[in-house]
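Encoded as C-alpha cells, the following chain is the form predicted on its own, with no partner shown.
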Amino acid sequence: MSDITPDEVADLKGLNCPMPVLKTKKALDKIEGGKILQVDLTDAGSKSDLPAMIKRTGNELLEMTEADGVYTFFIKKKLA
C-alpha cells in the first residue's frame, strides 16, 4: 500500500489497450497541475505503455505497484 494520497482516482480495471492509456490521458486533462492521479488497471501491456505516455506528456510517474493482477500508478500532473 502506498503512502501517496491521490487527488483523483481512475478505475480502469478490465479495459484493454489502448483504452487505459487514452482514459488516463483524459483523466489527467481534467485535473489541475500539481495534483496526483491514481490509476488502477489490469491490462499488463499498460505496464510499459503508461510510463511511456506519462514521460511523453511531461507528467511525473511517482510510483507503480502491482498486487493481485491490478497495476496502480500514481501520476503527478505537470504544472501548466
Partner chain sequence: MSEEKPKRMAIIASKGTLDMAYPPLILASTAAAMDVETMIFYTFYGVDIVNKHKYANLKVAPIANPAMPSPVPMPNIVGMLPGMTALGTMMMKSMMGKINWPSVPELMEVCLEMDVKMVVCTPTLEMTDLTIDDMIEGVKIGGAADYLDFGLDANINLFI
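On a predicted model such as this, the values are computed, not experimentally measured, just so you know. Positions refer to the first chain, counted from 1.
Absent from the display: the form predicted together with its partner chain. The rest refers to it.
Proximity to its partner chain in the model of the complex holds for all of 19, 25 and 78, with the criterion being a heavy atom within 4.5 Å. Contact between residue 69 and its partner chain in the model of the complex is not found at the 4.5 Å heavy atom cutoff. Although the partner is absent here, residue 57 is a contact residue: one of its heavy atoms lies within 4.5 angstroms of its partner chain in the model of the complex.
Taking the partner from elsewhere, residue 36 is found to have every heavy atom lying beyond 4.5 Å of its partner chain in the model of the complex. Contact check for residue 53: a non-hydrogen atom falls within 4.5 Å of its partner chain in the model of the complex.
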